[in-house]
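What follows is a single chain, given as structure tokens, in the form predicted on its own.
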């Protein structure tokens, strides 16, 4: 499609599609089956500069912009949502946050290793059984001289166990509630930080999700990201940036599913003709195509806003709201078109359905998208 993509962006998109076809697609089913972190594919993504595609050149990034990055996410997602999710959590959450709020020293210390793939990034936000900073296992950070001591648990940390660097959200001021949340840069090898377990998920299985334990983890005060109490604002904007990439994931997954349904519809014969000629099937395909097209335009537009330094949070919330609706409805229709075959593990629709659900719920916003959109309208 054309969205006034530059020649460079078109080349990046084509390169990502060829990469996904050659390296990701042949391994996608096995990644889903084993739920293993796709380390070999990540190494190949490093060679393509995917990990630092939108980051500044002074830190080893490609400076290709956020729209180019979403094009890569979309193409990877057509082959494997799990592989795309590994990149998304590394780039949209961890790397984005450091580039946006990190000090000059923090950027110099961490962004080169994130761009070059020496470290994979992760975002340790969610906590077991309760809202951030509210449960009995909440992560707290107590000042101790020129350090902070972190204690507690985090759950559903994407890239957990595979990451070399975590952005950890901890409560530095219990009296302030949510306003007392701060963000810290924590190396995965820091004493006291351990992986309690890997969580077996329904979809996006190759993007590991882990429960982390912080047992008196000592972090230098210099590793505080932004100011004390800025954690909630950092998380909200990073999650909005991630929502744009998640929209690209849904576009890629739904596009792959629709193409599979079209192929099946042309081959499946009933009443002496392909089922693709039936009005009911054509109606489902037409609605699917229209929804994917509109979501793609919204994703590209929001990515362009972010890239150009314009406000994008409301648009990102709209993407999250729309993607949740059309992604699931598209996959339900695909399974309906493919019938019993579509419901079986023999067809790709099963994996795509499980992955598209994960794409829209795995990084839940701190506020519902409806609340963000309405708040923007009423401001």
Partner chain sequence: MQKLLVCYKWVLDEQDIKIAGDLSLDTGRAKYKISDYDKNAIEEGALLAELHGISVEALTFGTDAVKQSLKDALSRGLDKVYWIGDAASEQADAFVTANVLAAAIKKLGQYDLILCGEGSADTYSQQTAPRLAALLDIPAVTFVQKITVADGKVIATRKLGDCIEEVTVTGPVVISVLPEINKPRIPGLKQVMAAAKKPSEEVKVSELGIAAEALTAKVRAVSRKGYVMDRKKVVFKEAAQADNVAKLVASLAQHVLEERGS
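Numbering follows the first chain given and starts at 1. Everything quoted here is computed from the prediction, not taken from an experiment.
Beyond the structure shown, there is the form predicted together with its partner chain, which is absent from this document and is the topic of what follows.
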### Query
317, 326, 337, 64: which sits within 4.5 Å of its partner chain in the model of the complex by any heavy atom?
64
### Distance check, residue 28 to its partner chain in the model of the complex, heavy atom within 4.5 Å
no
### Message
Taking its partner chain as it sits in the model of the complex, is residue 312 near enough to touch it, meaning that at least one heavy atom pair lies within 4.5 angstroms?
### Response
no
### Query
With the cut-off set at 4.5 Å between non-hydrogen atoms, does residue 370 touch its partner chain in the model of the complex?
no
### Query
Though only this chain appears here, would residue 11 touch its partner chain in the model of the complex if you measure heavy atom gaps against 4.5 Å?
yes
### Task
Identify whether its partner chain in the model of the complex is within 4.5 Å of every residue in the set 98, 101 and 118, based on non-hydrogen atoms.
no
### Stretch from 30 to 38, 349 to 357, 328 to 336, 43 to 51 whose residues place a heavy atom within 4.5 Å of its partner chain in the model of the complex
43 to 51
### Summary
Within 17 to 39, the residues having any heavy atom within 4.5 Å of its partner chain in the model of the complex are 18, 19, 22, 23
